[in-house]
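Coming up, as structure tokens: structure 1 and structure 2, two forms of one and the same protein chain.
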Structure 1
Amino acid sequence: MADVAAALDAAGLTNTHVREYVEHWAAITGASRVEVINASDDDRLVQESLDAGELLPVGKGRYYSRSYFKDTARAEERTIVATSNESDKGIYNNWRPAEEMKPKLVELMTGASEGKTMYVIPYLMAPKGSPLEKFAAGVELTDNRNVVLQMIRMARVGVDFVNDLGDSFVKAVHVTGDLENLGQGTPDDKRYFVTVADERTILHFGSSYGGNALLGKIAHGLRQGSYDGWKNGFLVEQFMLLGIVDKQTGKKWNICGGFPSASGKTNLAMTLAPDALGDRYHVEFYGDDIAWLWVGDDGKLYGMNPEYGVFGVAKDTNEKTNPTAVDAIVEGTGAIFTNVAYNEKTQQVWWEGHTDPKPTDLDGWTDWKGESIAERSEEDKDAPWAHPNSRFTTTLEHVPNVADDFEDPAGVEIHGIIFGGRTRDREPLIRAITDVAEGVYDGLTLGAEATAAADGLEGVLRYDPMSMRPFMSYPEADYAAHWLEVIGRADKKPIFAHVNWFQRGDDGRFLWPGYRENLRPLVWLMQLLEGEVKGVETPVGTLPLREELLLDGLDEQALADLDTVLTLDGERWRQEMSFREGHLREFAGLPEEIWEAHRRVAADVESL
């Protein structure tokens, strides 16, 4: 049995509430030793992982890890929000009674870390001194060294972040379990990823991967955080956050927004100005995945990225799609690559979309499962080298255009909130919304088109309210009301907008070039906020006039297609309104302001 008190004393961890929590779970899990982590331990832990074969070198100062082949992504069906109040049950949060889930997790975790080290990771999901600091502190207990290394990159880690916070911290317990014998995806699945939201406790069993194991990120940063926000007057969202600086006038605007999976959120968050606009505009990176929003004492809406790093999807990340990300994971950054392809002889990594073509000399290359690519059978020769959910992890300080004030505890003023779906025709490039209820309504009806045409679903959205569907922790009607209340408190309200980079022509090609060119409609949105442009009013918001957009340097094909991406399809919009009504009716008790916005838009769309 570990000498817990001695380990905590040696680390200078003096918070009695944290000490009691660690002692309690060390006894349950049966860990053989306890080690308290500070960020300064990273170099030592990396070397230990290299020596143990848990990490492999990727040149100088970068590393490769591989997870168990059945443990490669979040498992939404095993992810649960538990509380003691059934009124917390929503459509999406997979609610269960806390009294049912806590004993189950204790049973699974009992003795499950015998022979292992319990790493104690005190962390903060906010700059120190933030007005939301007491909601941002946590202590993760894990029996997995790779999780420690990832958390050091994704959060601010050290005992100083929790020693003076009393019991204002999230208790986050992660036990890996016997990954080869958990029955993943079968009726005997033993995995459970539970957030006991009203007790600010996270209990995750049966994974060592990503959001299942880095408990400060999704479990705390989104699920627990959003529940805390609901009870304490702030918003927690799966939003990117960027800043746009007009170098000519000195003005700066900050925009946050939600995008369903595969709708361009990370690429937008890390974008640069197109070359033709680079002399005037500079884009600053704050975050690609989570934003916490609150109203300050001055009546302005503020936001911050609670994370300290980037946990990015590797697939299709390259010099064209996201040069900023490529620069953030070069040698010497300490980046960790997970489940990409690895060359054990050259220490290179590769993933689909990284380079075209893929490497032709197969000597030394292994795929994400660790199997030799050169020795593949004819049947498997075209299988992906990297897992589709393969990742890279790096700290914000390595992102070349990270904002100078990304660690400012005051946060930044939010001027715009955007929602970005993925639709082939109906949605224009951008439409601005100035009414708060209509903006919230637009976020609640956010979605991306289903791609399964064979199932008769082509053109139908899979709705993903505010892009929070997998992370919702409380009922959707309360969620909508909370949005209206928080934004309603702001004296200076942000402008809302819906963007769509994915319109296609009859020949299937994309009509808008996307990537860095996406800055153009965002600048227009901020000019609209400032009263510098007027746009044209439509039933679904204000659209840009062609001459109002900054078009210098835009390619000829995009100019030829511009009128199409600024046009509304009345028939498709009328079809969409009936789908929206069915979607919203799932949420009992939705605020009347949302229904009024829906009826208003539906009536106006009839005129298209």
Structure 2
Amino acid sequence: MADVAAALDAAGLTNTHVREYVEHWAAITGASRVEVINASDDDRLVQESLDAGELLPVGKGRYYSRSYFKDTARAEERTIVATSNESDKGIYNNWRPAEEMKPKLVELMTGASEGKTMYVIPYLMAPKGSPLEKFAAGVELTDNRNVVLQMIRMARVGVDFVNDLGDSFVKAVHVTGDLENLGQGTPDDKRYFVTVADERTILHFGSSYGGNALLGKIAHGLRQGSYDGWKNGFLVEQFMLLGIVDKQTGKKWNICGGFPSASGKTNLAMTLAPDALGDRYHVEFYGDDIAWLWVGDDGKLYGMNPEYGVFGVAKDTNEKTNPTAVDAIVEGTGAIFTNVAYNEKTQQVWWEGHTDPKPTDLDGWTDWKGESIAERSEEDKDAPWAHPNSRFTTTLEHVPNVADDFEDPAGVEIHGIIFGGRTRDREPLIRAITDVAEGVYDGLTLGAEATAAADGLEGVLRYDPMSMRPFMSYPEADYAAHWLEVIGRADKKPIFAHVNWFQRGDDGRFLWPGYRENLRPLVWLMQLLEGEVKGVETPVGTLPLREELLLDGLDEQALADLDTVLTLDGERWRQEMSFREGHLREFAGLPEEIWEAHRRVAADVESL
């Protein structure tokens, strides 16, 4: 048994509530050692991981890791929000009674860390001094060193973040389990990822990957956070957050917005202003996956990114699509690549859509499963080298366009809120919405093709309200009412918009070039907010006139396809309205304002 008290003493962890919590779980999990983590431990832990072969070097100051091949994405059907109140049950939160789930997790975790070290990771999901600080602190316990290294990159980590907070911290327990014997995806699946939201306790068993294991990020930063926000008057969303600076006037607008997992948040927030826009605009990065929003005492709507790093999708990240991301993961950044392809001889990494073409000399290359590519069988020959949900992890300070004030605890004023999914047709490039209820309604009816970020769902069309479907912690009707209440309190309302970068032509190609070009419709949105352009009113919002968009430097194909992505297909919209009706009916008790918005849009769409 570990000498917990001695380890906590040595680390100067004095908060008695934290100490009791660590002692409690060390006894249950049976960990053999306890080690308290500060961010400054990173170099030593990296070296230990390299020595143990858990990490492999990617040249200097970058690393490669593989997760177990059945453990490469979030497992939505095994993810549960538990409370003691059945009225917390929603459609998407997989609600279960707390008293049913807690004993199950205790049983699964009992003795499951024997022989291992339990790392104690005190963290803060906010810049220190944030008005939401007391909801942002947590202590993750994990028996996995790679999780520690990822957490150091993704959250602010150190004993000082929790020593003075009393019992105001999230208890986040992560036990990896015996990954080879958990029956992932079978009827005998042993994994459980549970947030006991009304006890601010997270119990995750059976994975060491991403949102299943880095508990500060998804489980606290989104699920627990949104539950806390519901009870305490703020919003917690799977949103990116960026600033657009007009270099001529110095004016700046901040836009946040939801795109379902693996649908473009990281790419959008990192996209530097293309020279094609006359070098007029600069895009500043605040966050790529999570935003917490609140109304300040001055009546303004504020937002902040609770994270400290980026856990970005590797696929298609290259010099052309996202040069900023490429710069954020160069040598010396401490970046960790997970589940991409690796060359053990040259220490290079590669993924589908990498800047470098697919290597033709296969010597030394292994795929994301660790299997030699040169020795692949005939039938596996064309399989992807990297897992489609393979990722890179790097810290915000390495993102070249990170805003100067990204650590300002005051957050930034929010001027616009956008929603966008992967939709092959119907959704135009952008449509702006000024009415708050209609904006919230639009977020609730966000539809998208699911991606590889969730196991086994890629390509399935589904509604994903505000991109929060996998992270929803309380009933959708209450969620809608909470949105109306919070935004209703802001004196100056944000403008809303729905965007779509993913319309496809008959031949399957994307009709809009996307990536860096996505700045063009966003600049138009801010011009609309400023009254500089008018657009054209339609039943589903204001669309840009072709001549209002900045088109300099856009390629020929995009110019040719532009009218199509700015056109509304009346028939598809009318069909969509009937689907929406069914979707919204699932949410018992939805605010009347949302139904009114729906009926208004549905009636108008009749004339489209």
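Note that the structure is a prediction, hence the values are computed from the model and not measured. Residues are numbered by position in structure 1's sequence, first residue being 1. In this text, rigid core is short for the largest set of C-alphas that superpose within 1.5 Å between two forms.
Looking at both structures, it is structure 1 that matches the form predicted on its own. Relative to the superposed rigid core, S261 undergoes a CA displacement of at least 2 Å between the two structures. Relative to the superposed core, S49 undergoes a Cα shift smaller than 2 Å between the two structures. When the rigid core is held fixed, the Cα atom of G505 travels 2 angstroms or more between the two structures.
For D356, the CA shift between the two structures after superposing the rigid core equals 5.9 Å.
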